[in-house]
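Before any questions on binding or motion, here is one chain by itself as structure tokens, the form predicted alone.
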Amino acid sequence: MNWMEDQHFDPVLPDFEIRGSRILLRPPKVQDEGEWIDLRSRNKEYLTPFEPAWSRDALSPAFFQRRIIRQRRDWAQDRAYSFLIFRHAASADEKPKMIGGMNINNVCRGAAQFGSLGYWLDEWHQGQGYMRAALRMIIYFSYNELKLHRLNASVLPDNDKSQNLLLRVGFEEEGFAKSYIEINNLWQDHILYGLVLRDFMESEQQI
């Protein structure tokens, strides 16, 4: 189906999960709308300094639906892969709790074979190892399923928490980019990190 010619396609992403011992990752679903809006609303003040400027309707159902449609298009065209992060339910009577998101953006094929990471986590779940677990799961997915050669990430110079996360997982600092990405309405410098996925997998086998 050519989505460019069909404005009425069903905005559904692949239905699968990447399960870990504490969390699961899966593509967004239309029914995630309410929980996603609530979570982002609660974290707006916390996340704003680290993200591109939020549009006026960034917490509206219409925005979420447009986002789902774009994510389905990007997935189908092998351009980007979006996941939501859920903490496992504490009991059989509960459902998994959404706590953040992670994207593999700007996938480049040909001789490059890389993608760029973006991620965010609920402020209340910081410092508990959830993002480190999610990042490791995405690395395995990128290597085994997407067959990427490397992952890139960029971090604001004063974001020590994110820099330490990348280093702990195995990323290496590779450079500095001046006025690199527009964050919160300002073009801001970023520190660049990279991970060669084969090196990561080989180091895992030695543990």
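All residue numbers refer to positions in the sequence shown, first residue = 1. Computed from a predicted model, the values in this text were never measured in an experiment.
Below, we turn to the form predicted in complex with a small molecule, even though it does not appear here.
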Query - The unique member of Tyr143, Trp36, Phe63, Phe50 whose heavy atoms fall within 4.5 Å of the small molecule in the predicted bound form - result: Phe50
Requested in this report: Counting non-hydrogen atoms within 4.5 angstroms of the small molecule in the predicted bound form, say which of Lys147, Lys161, Arg70, Lys44 makes the cut.
Outcome: Lys161
Requested in this report: Please check if Arg198 has a heavy atom lying within 4.5 Å of any heavy atom of the small molecule in the predicted bound form.
Outcome: no
Query raised in the report: Is Ile139 close enough to touch the small molecule in the predicted bound form, meaning at least one heavy atom pair within 4.5 Å?
Result: no
Query raised in the report: Counting only non-hydrogen atoms and a 4.5 angstroms cut-off, does Gln113 reach the small molecule in the predicted bound form?
Result: no
**Report entry** Ile104, heavy atom within 4.5 angstroms of the small molecule in the predicted bound form
**Finding:** no
Query raised in the report: Quick one: which of 104-112, 76-84, 122-130, 90-98 gets within 4.5 Å of the small molecule in the predicted bound form, going by heavy atoms?
Result: 122-130
